[in-house]
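Here we start with a single chain on its own, the form predicted alone, put down as structure tokens.
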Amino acid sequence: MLSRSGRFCGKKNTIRVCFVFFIHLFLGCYHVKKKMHFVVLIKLTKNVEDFTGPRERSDLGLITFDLSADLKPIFDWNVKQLFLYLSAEYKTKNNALNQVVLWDKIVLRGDKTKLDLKDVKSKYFFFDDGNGLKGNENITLTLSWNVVPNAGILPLVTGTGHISAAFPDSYEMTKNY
């Protein structure tokens, strides 16, 4: 009697898992390109001593940004949370591609899905491993997100649009940000 009920529960769970998997395949399209509006203000560039390396001086970029977005269309029955992050890409003479994450935020199901952030400072330092920020005219900023589903794969989605900004040609000598 017990083995018969165990087989029945096993089949029932297998059918349930297959059902959730197939629903995820057909309905779980997170590649919805969502237009985000953000404005970036490059504050300044400093040349500071880098204590992590051979004691050379490196560029430190300080930025603030405004971000407005409605994330509600991304949330469906299978989305547990979103991990948003703002990243910067740029070229220098030493490296063909540099990528830096400047800010991130986790938005849980049930949280406010309309973002209207003003004058936000970067959460993480914007260090270059040399002097590639001063006068760099093509810093491309992109907002992306990871969907954390209740079931299924973890897709990485990049929002449509990006913004390019330029750093000043001279260093600032201010003490604080």
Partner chain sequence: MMSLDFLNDVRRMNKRQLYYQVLNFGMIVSSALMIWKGLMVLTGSESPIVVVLSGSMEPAFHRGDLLFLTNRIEDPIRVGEIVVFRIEGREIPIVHRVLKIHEKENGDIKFLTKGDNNSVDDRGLYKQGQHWLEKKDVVGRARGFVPYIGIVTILMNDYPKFKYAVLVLLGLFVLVHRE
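Numbering follows the first chain given and starts at 1. Quantities reported herein were computed from a predicted structural model and do not represent experimental measurements.
Not pictured, yet referred to below: the form predicted in complex with its partner chain.
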(request) Identify whether its partner chain in the model of the complex is within 4.5 Å of every residue in the set Ile106, Ala151 and Leu156, based on non-hydrogen atoms. (result) yes
(request) Report whether the minimum heavy atom distance between Asp129 and its partner chain in the model of the complex is within 4.5 Å. (result) yes
(message) When the contact criterion is heavy atoms within 4.5 Å, does Trp77 count as touching its partner chain in the model of the complex?
(response) no
(request) Spell out, yes or no, whether the shortest heavy atom distance between Val100 and its partner chain in the model of the complex is within 4.5 Å. (result) yes
(request) Examine Thr52 and determine whether its closest non-hydrogen atom to its partner chain in the model of the complex is within 4.5 angstroms. (result) yes
(message) Do any residues of 65 to 104 have a non-hydrogen atom within 4.5 angstroms of its partner chain in the model of the complex? If so, which ones, in sequence order?
(response) Lys80, Gln81, Phe83, Tyr85, Ser87, Tyr90, Asn94, Asn95, Ala96, Leu97, Asn98, Gln99, Val100, Val101
